[in-house]
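Following this are structure 1 and structure 2, which are two forms of one protein chain, each written alone as structure tokens.
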Structure 1
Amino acid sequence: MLPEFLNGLVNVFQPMTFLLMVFGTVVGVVIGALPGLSGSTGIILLLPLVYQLDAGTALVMLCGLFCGSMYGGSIAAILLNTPGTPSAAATVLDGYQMCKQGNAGKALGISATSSFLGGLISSICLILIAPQLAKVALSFHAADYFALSLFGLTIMASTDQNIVKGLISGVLGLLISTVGIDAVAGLDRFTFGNYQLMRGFQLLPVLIGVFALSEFLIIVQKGGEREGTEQAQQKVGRVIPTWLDLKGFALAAIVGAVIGVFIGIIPGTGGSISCFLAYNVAKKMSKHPEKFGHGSPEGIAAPEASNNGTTGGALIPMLTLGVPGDVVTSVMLGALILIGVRPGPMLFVESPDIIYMIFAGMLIVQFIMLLAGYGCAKISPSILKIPQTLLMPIIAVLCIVGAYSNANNMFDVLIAIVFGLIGFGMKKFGYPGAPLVLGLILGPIAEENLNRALVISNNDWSVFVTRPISCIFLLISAASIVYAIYTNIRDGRKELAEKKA
């Protein structure tokens, strides 16, 4: 393992690869800092560039963007009281309070340092856990992969606040994945005589529409500039934490990082869940819990270390099982498929050079992110004052160009626009977009392995419950849905009781 890792380090420090990794990380910080944008949007905007790169270089650049956007969300959370990404939602509680006290630089420094610690711990866990999990996954059969695909779909849907809307979105994605030529029978399905649909809905235009163009339409509908820019105009003082500061929040950061790694490994979760869990745990462990919510350094360190801890954790199921750990890695999974890399246990056997390049890149990215975080903290007020009237048209043009570059086909641009309208409607009515995309990705995998399993077993459906791995995944899938339904009912009753009171 050590020789392969050292070879990965050598590849990462190739001049062009290293420059692109720095570029991806800085772009991620900037995109994460802009409210309304996220790491998934950044990955989509960089997809046309990814096409021109070799797989290893493209992946480390995307990893840099992923990690950078996780930290970048804290910049808006601290300066504007608006989380740049959902993963920075808990950072608002103490970050903005510290900013109002005139300690914006200190808050940004704590956030960058904690993000670095969280990302470093998660990268080490990725290196240690992923190869072992891949060895176990090599024993998977067709029935196991079908159950795993189903597990990924149910987890992603059941983590949304509304279980019904999450499942509807996921089912819609599955239905969309059936358009095109049936791989088993060789017949057209739902093409309605349009030969362009014989290849199905291509992933890139759908991603661009659901995540990027829909966000553009939402912001256009609002018609105004983002609120709170006056807070971003305050002077940022010292950024790098002192040794005394570090001692005060180091334990909270480490605890948050560990929580983030474990939450990230669970498919369909992510930083938006782990940040609040880490915040609550840190508050219970703190010697000064009364300071939380009033500018506590630990209240910034724990959620920031946690949401960056999910980065390496989320890559573990994506690389070893082909099931994304969160929304960003679901988009990244689509990017990997588009450039010809199929995540899963065979990736560790067929392309170990790519795997160890990712491992080495994730470690180096953390140091780049730390330096970029300290540097961007000084200029972050300027980043946050970029007018949306200037920013959003540029993003819209890049989306159209990216959709066209998929196959030099205007039909893909039309698909992106249609799914942009669909995504806009889904966001307006509270339907999540991630399950739809995940259904589009995992639908063909589930269908293929369902058919293979039935062919091998002579149409014996009991194969899905007699194989231990398949049975376990089916039980976990059912349990996740039941738990989500239970929590929704419980929360609904609680809200109703509060209204009556």
Structure 2
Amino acid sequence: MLPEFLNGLVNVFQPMTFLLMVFGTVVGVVIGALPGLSGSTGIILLLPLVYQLDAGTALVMLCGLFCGSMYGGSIAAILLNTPGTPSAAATVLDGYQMCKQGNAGKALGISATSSFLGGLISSICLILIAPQLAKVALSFHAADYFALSLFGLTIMASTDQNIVKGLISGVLGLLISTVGIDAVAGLDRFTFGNYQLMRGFQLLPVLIGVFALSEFLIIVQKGGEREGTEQAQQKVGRVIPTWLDLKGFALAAIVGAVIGVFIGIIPGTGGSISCFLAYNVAKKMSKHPEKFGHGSPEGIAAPEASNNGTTGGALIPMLTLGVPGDVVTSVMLGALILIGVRPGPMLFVESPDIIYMIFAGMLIVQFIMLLAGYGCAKISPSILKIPQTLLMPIIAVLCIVGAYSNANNMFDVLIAIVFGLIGFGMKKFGYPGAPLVLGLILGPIAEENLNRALVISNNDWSVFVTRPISCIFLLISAASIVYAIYTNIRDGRKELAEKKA
């Protein structure tokens, strides 16, 4: 393991790779800082560049963006009282209070340092856990893979507030994935006479539509300028925390990081859940719980460490099983497939160089992020002043160009636009986009392995329950669907009772 890791380190320090990693991290911080744009949009905007790079370099750049955007979200949370990304929602509570007390720099410094600690702990967990999990996953059979695909989808769908909506989105993704030429028999499916659809719905245009163009339309609908930009403080002050400060919030950051890693590993959950959990735990553990909500350093450190803690955690199921841990990693998974890398246990056997480059990259990215964090904190009021009226049209054009560059095909642009409208409707009515994309990614894997498992077992369906791994995955999936229907009925009854009252 050590020689491979050292080799990964050498690769990461290749000048071009290192430069792109710095670039990715800084772009991540800036994108994360701008409310309305998150890490997933950032990855989408960088996709045309990703095509031009080798897999390892592209990946470490995207890891930088992922980690950077997690920290970046706190900049708007602290200075504007609006989280830049959903993962920074808990940082608002104490971050903005500290900023109001005139300590914006201190708050940003705590945030950057805790993000660094969270990211570091999370990368170490990634390096230690992922290879072991991959070894287990190597023993998976076709039946297990089919069950795993269903498991990933149901878990991601069921973390949504309304599980049925999440499942509808995911199953619709599965259905969309069946459009095009079928991989087994070579038959045209659901193309309805359109030859362009024979390629099926390509992942990238759908990603661009659902995650980026839809966001653009939402912002257009809200209209005009971002609120509160004017109140962003001009002066940030000292950013780097003192030794005394560090001692005060280090424990909260470490606890937050560990919570983040575990939340990150569970597919479908991410920073937006872990940040509140970490905040609450840190409050209970703190010697000064009364300071929480009034600018407590621990109240910034815990959620910020935990959302960066999820980064490495979320990469674990994505790399070892091909099931992303959260929204950003599902977009990252899409990017990987586009450049011809299929994450899963075989990646550890076939391309260990890529895996260890990611491991080394994740570690180094944390240090870059720390420096970029301190640096960007100083100029953060100017970042927040970038007028949305200029930025959003530019992002829309980049989306169109990104969709086109997928295969130099205008039809892909049309798909992105159509899915932009679909994504807009989904956002408006509370249907999460991530399960749809995951369904599109996992659909072919599920079908292929379902077919393979049945061929091997001579069409004996019991293979899915007699194999323990498959059986466990299917049981959990079934349980989450039953639970979904149960909570739906229960909530419906509650509503009825409330109405009567």
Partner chain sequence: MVKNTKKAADFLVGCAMIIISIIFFVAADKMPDSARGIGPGDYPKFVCVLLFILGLVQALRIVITEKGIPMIDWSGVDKRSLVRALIMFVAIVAYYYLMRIIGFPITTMVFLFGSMMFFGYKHKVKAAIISIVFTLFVYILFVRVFQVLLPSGFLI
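Keep in mind it's a predicted model, so treat the numbers as computed, not measured. If you superpose the two forms and keep the largest set of C-alpha atoms that fall within 1.5 Å, you have the rigid core. Residue 1 is the first residue of structure 1, and the numbers go on in sequence order from there.
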Number of the structure representing the form predicted together with the partner chain: 2
Would you tell me if Tyr483 moves between the two structures by 2 Å or more at its C-alpha, with the rigid core held superposed? yes
Can you give the C-alpha shift of Gly492 between the two structures in Å, rounded to one decimal, after superposing the rigid core? 7.8
